[in-house]
Every structure is written in C-alpha cells, then in structure tokens.
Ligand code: COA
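The chain below stands alone and is given as structure tokens, in the form predicted alone.
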C-alpha cells in the first residue's frame, strides 16, 4: 500500500486492545465487554473497575477487598515527596504539579525499571492510590492549610473528597464522583493513552509513560475541556440567559463548549449518566444553579445542532458536577487524571506485554539539493 498522509492519525488503527470499546455511532462505551451503564446501575466502586481493566475479569468479593486494602495502604506520600510539594509555588498549575510529582515518585521507587507484569502492577497500584493524595495535598497547602492524611476506611472517591475538603462528603456527592471516576477510567486510543503507549514502546519506565500522558491530557483539546465548560456556564450566569447565549454563539459560528465529540455522533453515554448525578448532587448541596444552566444549555444547543450530529459530551456535566462537590476549576482536569490513570496503566500493561517500538514516518516537504554556504559568504 502506498504511503498516505493522515493528519491526526484519524481512522488509523495503531494497536489492539481488550480494555475498552468506543462505539461512536451508537453512543456506547464498554469496559472489557461490559456496558458502562451497568457499573453505575450496580454502584460499582471505581476500585472494582480498575481491577477489571487490569486483570480482564471482575473480582470476587475477597479479591476486591484485598485490592481495595492494597490501594488504601499506598495512599500516603513519602515524606520527602510531600516536602517537595511544600516547596512548589502556590500559583503552580495542578497538572504541572501532578506531572512533576509522578516523575519524583520514580526517584523514590525501589525498582522503577523492572518491566515484569508483577512489578508493573505494583507501580500501577501506587500511582492509582496516590494521584488523589498529591492533588489534595497541593490544594490544601496553596490555601495555607495542612494536608489531610488519607483514610484507609474510605473508598477511593470518598477519600479524595475528604482529603480535599477536610470533611466527610455526603452520600450523593460520593456516588456522583465515584460514577465520574468509573465513566472516565478508559476511552479507547485517545491522545493521552496513545502518548503513554508511545513512551512505553521505547521500554521506558511506567512513571515516565504516565508523566507523558499527564502532559498530553493537560491540553485544552483533550482533558482541558471541563474548565472551559465551567467558564461558559459562569459567563452565561443564569438559566434564563441561555437562549440568547446560544443564538449569539451560533450567529458568530463559535463552538459551544460541552457540545460535540470527535468520536460520538450521538449522545455521549457518559454525559447521560452524569446529568442525573449532577442533578442529585445539586439537590444534596442545595446549589442547583450550575446544573440548571448546564441542563438548559444542553436543551437549547442540541435542539439546534443534533441535525449536524452534535450532541452533549461528557464535559458538559463534568464541570457542574465536580464544581458542586467542592472541586475547583483548575482541579477538574487533574481529577480527570485521577480517573484515567486506571486506563493508562491498562494500556501500558498491554504495550509492555506485546511491545513494538511505535515509529511512524513523516513526509518531508522541505527543499532538496541545497548547498552549504560558508558563513562569510552569506548575505
């Protein structure tokens, strides 16, 4: 087959994976063959989904208890790592903090370069356990507060909210954040997952591959979308202003944040679930403003854009949901990473197990037959 230039690698299959299936035409997302709706329906904890992704099957009760206890025991940061976070500028971007600390963790790991399956799962467990602790510690410190120590008796979602806010969250808040973590855990060959696999393809360590994935997720065209959705909701300010905002945006041919997806050509199944979760949290917290603006925006925008295949995406309800449980705007993308690290590690386990260096080609379009001119003869 002749070489083809395919910008963005759109439509190009670069690997085989058993992790997740994204059906964009029908609006379905499956983890190891199980529809995401079933996990939420049965209130599956995020830890169970991570186990499924890493091991290829659902755990028994004993296996889940053991895995959850393992994660909980790894939550605390080494004192030297926490001391380093204390020295970071309070104005630092939390994604840069997360990326930096993951690299720092490699220095204090007893065996970061062993790529055997058992050691990779050990590192993956440590990364999954500590992402929330890193972010919560930095968030507390930048407010002039001491970090809250992780609790081993709380689940992953509840402990994250507890460490951020210093108090136990309500049940609907825990349910909503757990659902968010479950729904964002993996999503096919997205940009950050591909980045991680490219790094792992060189046989670099897992910490390096995950730091690269974080760097990729930070971009506004990938994981940086929820803060832009929140900015849109704040700009609108009230549900009754939505119609005018949509009309003006469409007249200017501007993109409406939270609407449209590169893969889904119908409703994003994650958005449909998070809509209900955001509504529940709004009722629990008594703050319905952001949910109502987001819901009104969805109705106004989709009614005008569905004919073009543009529907609500996951970011539309991520923003009001996370904001309502006390997660500030600049921690929304890092919270995405708290979830997606499970999927990243799954793909890395696959890549290391059946590795081939990922080495695409570039089409050269520059000049040829040029000649070197000595510097004193250049004009």
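None of the values given here were measured: they were computed from a predicted structure. Residue numbers count along the first chain shown, from 1.
One more form of this protein, predicted in complex with this ligand, exists but is not displayed; see below.
Sole residue of 310, 64, 349, 30 within 4.5 Å of this ligand in the predicted complex, by heavy atom: By the 4.5 Å criterion, the partner-contacting residue is 310.
Single option in 201, 239, 260, 170 placed near this ligand in the predicted complex, where near means a heavy atom within 4.5 Å: Checked against the cut-off, the match is 260.
Does each of 90, 137 and 161 have at least one heavy atom within 4.5 Å of this ligand in the predicted complex? Not one of the three qualifies.
Going by a heavy atom distance of 4.5 Å, is residue 256 a contact of this ligand in the predicted complex? Taking the distances in the predicted complex, the answer for residue 256 is yes, it comes within 4.5 Å of this ligand.
Residue 95 near this ligand in the predicted complex, any heavy atom under 4.5 Å? So residue 95 does not count as contacting this ligand.
Can you tell me whether residue 47 touches this ligand? I mean in the predicted complex, with a 4.5 angstroms heavy atom cut-off. Residue 47: no contact with this ligand in the predicted complex.
Can you work out whether residue 306 and this ligand are in contact in the predicted complex, taking contact to mean some heavy atom pair no more than 4.5 Å apart? Because no heavy atom of residue 306 falls inside 4.5 Å of this ligand in the predicted complex, the answer is no.
Heavy atoms within 4.5 Å of this ligand in the predicted complex: which stretch among 153-161, 286-294, 137-145, 262-270? Selected range: 262-270.
Who in 201-229 is close to this ligand in the predicted complex, meaning a heavy atom within 4.5 Å? Contacts from 201-229: just 225.
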